[in-house]
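First, one chain by itself: the form predicted on its own, in structure tokens.
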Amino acid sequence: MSDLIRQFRDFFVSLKLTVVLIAFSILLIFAATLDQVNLGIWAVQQKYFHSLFVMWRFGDIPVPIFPGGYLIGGFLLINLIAAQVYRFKLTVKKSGIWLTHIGLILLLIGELLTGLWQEEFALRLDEGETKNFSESYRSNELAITETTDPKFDDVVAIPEKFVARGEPIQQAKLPFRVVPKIYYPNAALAARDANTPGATATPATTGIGLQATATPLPLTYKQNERNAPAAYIELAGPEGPIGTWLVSADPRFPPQSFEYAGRTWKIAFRFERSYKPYSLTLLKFSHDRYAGTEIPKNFSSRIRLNSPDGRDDREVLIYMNNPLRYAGLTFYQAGFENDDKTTILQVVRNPSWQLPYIACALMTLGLIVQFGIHLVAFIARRRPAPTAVA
């Protein structure tokens, strides 16, 4: 083995590396906990744990100042595997340690896959309402919908990041180009009276933008708030501009209709949607309280699950700690609003959700096995030696 390879092996097997990485992890968690007051849970996860480096901005230049969760976790994983291979021989006496370390390795891999794969959406349903889509908590999209056919809506959804770039967008299904003129990551809408002296000019040439204006706001990271981006969007056909619309992800801002090339269209900025080949109907929402108080005791949603092929048509009761798992998604009871007439379900896709349970079971089994081996050996040493018979 060459000296260079041996040095690499010794570096990754080193117990000193383990101690340093654990110390970095403690500092990272401490800093993230303090910063959670300013950024909120999701932003803290992205900045500190779902990144290779923690970045700070000096002016417009992002500078790495500390290793992030992916970097620390990756080195810990390599360190653990290397130590397992080179330090511990696979024997009966070490079987408990092997099981414990394998469980810890699975736990680290599970956290990595969760950070990469997990998706979270929200599903709001009024009693009697049916939906076949859920909406993102944080991501938005520009939706341009052809509504010419009363039985079918043809939707073209453009992710928010493309709108933010400000570059013209040409989509094969659209007979016009989409040209973002102005984009605000978060904005407040206010009424605009063009007849008022000194009224601010608007880039909008049609639609609600003639009566409303968007004012940029600082980004919010609070857990109970969300950003409402807004944009001025110009649509341009081969013959020239069709018009410029003000669109906003604020739920109170409705889709705007227009006609072009003999067809009817709608344009809207909305929460990103995830459509499914089945539908959910809220039959009844129940909110139980302790007698004589307003303290919640339980809240649950009775849902009808229906698939177009008829394979699934059943009622499901979703309540706290009893989610619905279906087609790779988990539907949790998350909240309610509108005087107990609207339920809010959290929809989570996490293909690796079973790994933490398997990892914890392996670590528990490994600790029990290792403790049992040492206990048997201890009892054997304490047992008095048999006396010789004369």
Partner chain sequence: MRHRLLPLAAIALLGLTSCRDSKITTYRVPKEKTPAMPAAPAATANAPGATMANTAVTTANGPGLTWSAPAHWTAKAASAMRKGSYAITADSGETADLSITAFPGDVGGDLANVNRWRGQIQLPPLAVAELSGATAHLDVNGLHLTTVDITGGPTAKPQRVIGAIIPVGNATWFFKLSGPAALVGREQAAFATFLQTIRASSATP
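Not measured: the values here are computed from a predicted model. Numbering follows the first chain given and starts at 1.
This protein has a second form, the form predicted in complex with its partner chain, left out of what is shown; the following refers to that one.
The partner is absent here, but in the predicted complex a heavy atom of Ile78, alone among Ile78, Leu283, Leu305, Ile182, sits within 4.5 Å of its partner chain.
Proximity to its partner chain in the predicted complex, taken as a non-hydrogen atom within 4.5 angstroms, holds for one residue of Ala236, Val85, Ala164, Ile102, which is Val85.
Looking at Ala334, you'd find a heavy atom of it within 4.5 angstroms of its partner chain in the predicted complex. For Arg273, a non-hydrogen atom is located within 4.5 Å of its partner chain in the predicted complex, even though that partner is not displayed.
Gly74 belongs to the set of residues with a heavy atom inside 4.5 Å of its partner chain in the predicted complex. A residue is said to contact a partner when one of its heavy atoms sits within 4.5 Å of a partner heavy atom; Pro254 meets this definition for its partner chain in the predicted complex.
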